[in-house]
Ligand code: SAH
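Single chain ahead, by itself, as structure tokens, in the form predicted on its own.
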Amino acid sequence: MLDSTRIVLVKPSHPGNIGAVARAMKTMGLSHLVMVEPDNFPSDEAFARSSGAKDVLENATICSTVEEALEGCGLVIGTSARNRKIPRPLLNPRTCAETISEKGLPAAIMFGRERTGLTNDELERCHYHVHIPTNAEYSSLNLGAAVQVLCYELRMASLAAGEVENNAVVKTADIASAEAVEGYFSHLEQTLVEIDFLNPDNPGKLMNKLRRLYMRAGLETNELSILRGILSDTQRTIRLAAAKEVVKNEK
């Protein structure tokens, strides 16, 4: 589980925080760090703050988009400090680690910007949200500390899982990847517009609600193929009907 879970930092601004994250990861046995457009990296300060976790920083993956950072992941969990209007299932750090262990999928835990966190659009890409229940009277938690809490719970879940972890990987290895699910959502939105179910000028929260429904289901690859096949046939039927109408009007 630890080898297949990546920590994703979206636009971290302070190199010291990046170093603290690397240290937090290595102490708990995680090594796959991914960053989306870090403000200052590589940095001497980041390496100094890593306190011996130099290898985590040297092997870090730098991406230009969140989509790229999540490629290959079957489970995406986003950290959230507050409730949203249409929230994903909300986990605490322990249930977050247990969920990753039980599903046995390549997973990403995504952390947002130090000051503003993840955007609503970024959180929409997540199957779950995780919230660290800090003291309401003093809830300030820096990035390195937040990563440490999540990585600790991942290590505890990994130790508790034993050989069960390997069985889970085999059983759920065909869950659709994050990029495949995003492709489906784009296809779905396009089809809904074509059948006049979704007004692109006034979409409301329809796609957000549909995202929540499908993300909760945990779609498998073959299930996603069936759904996309339905959408493709729907689009084909619409075009055939439109062509017949043109021929009819020309007579």
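Rigid core: the largest C-alpha set superposing within 1.5 Å between the two forms. The first residue of the sequence shown is number 1, and the count goes up from there. As the structure is a computational prediction, the values presented were derived from the model and not from experiment.
Unshown form predicted in complex with S-adenosyl-L-homocysteine; subsequent notes refer to it.
Asks: Establish, in the predicted bound form, whether 81, 134 and 140 all lie within 4.5 Å of S-adenosyl-L-homocysteine, using non-hydrogen atoms for the distance.
Replies: Checked in the predicted bound form: all three residues contact S-adenosyl-L-homocysteine.
Asks: Would you classify residue 114 as touching S-adenosyl-L-homocysteine in the predicted bound form, given a 4.5 Å non-hydrogen atom cut-off?
Replies: Heavy-atom contact with S-adenosyl-L-homocysteine at 4.5 Å: present for residue 114.
Asks: Is residue 75 part of the interface with S-adenosyl-L-homocysteine in the predicted bound form - any heavy atom within 4.5 Å?
Replies: The answer is no: residue 75 has no heavy atom within 4.5 Å of S-adenosyl-L-homocysteine.
Asks: For residue 178, is any heavy atom within 4.5 Å of S-adenosyl-L-homocysteine in the predicted bound form, or not?
Replies: No, residue 178 stays farther than 4.5 Å from S-adenosyl-L-homocysteine in the predicted bound form.
Asks: Can you work out whether residue 151 and S-adenosyl-L-homocysteine are in contact in the predicted bound form, taking contact to mean some heavy atom pair no more than 4.5 Å apart?
Replies: Residue 151: no, not in contact with S-adenosyl-L-homocysteine in the predicted bound form.
Asks: For the chain seen here without its partner, which of 153 to 161, 100 to 108, 126 to 134, 67 to 75 has a heavy atom within 4.5 Å of S-adenosyl-L-homocysteine in the predicted bound form?
Replies: Going through the listed ranges, the match is 126 to 134.
Asks: Pick out the residues of 175 to 199 whose heavy atoms come within 4.5 Å of S-adenosyl-L-homocysteine in the predicted bound form.
Replies: Contacting residues: none.
Asks: On a core-based superposition, does residue 119 travel 2 Å or more at its Cα between the shown form and the other one?
Replies: The answer is no, as the C-alpha of residue 119 shifts between the shown form and the other one by less than 2 Å after core alignment.
Asks: Any chance the CA of residue 142 moves 2 angstroms or more between the shown form and the other one, core superposed?
Replies: No, because once the rigid core is superposed, the C-alpha of residue 142 moves less than 2 Å between the shown form and the other one.
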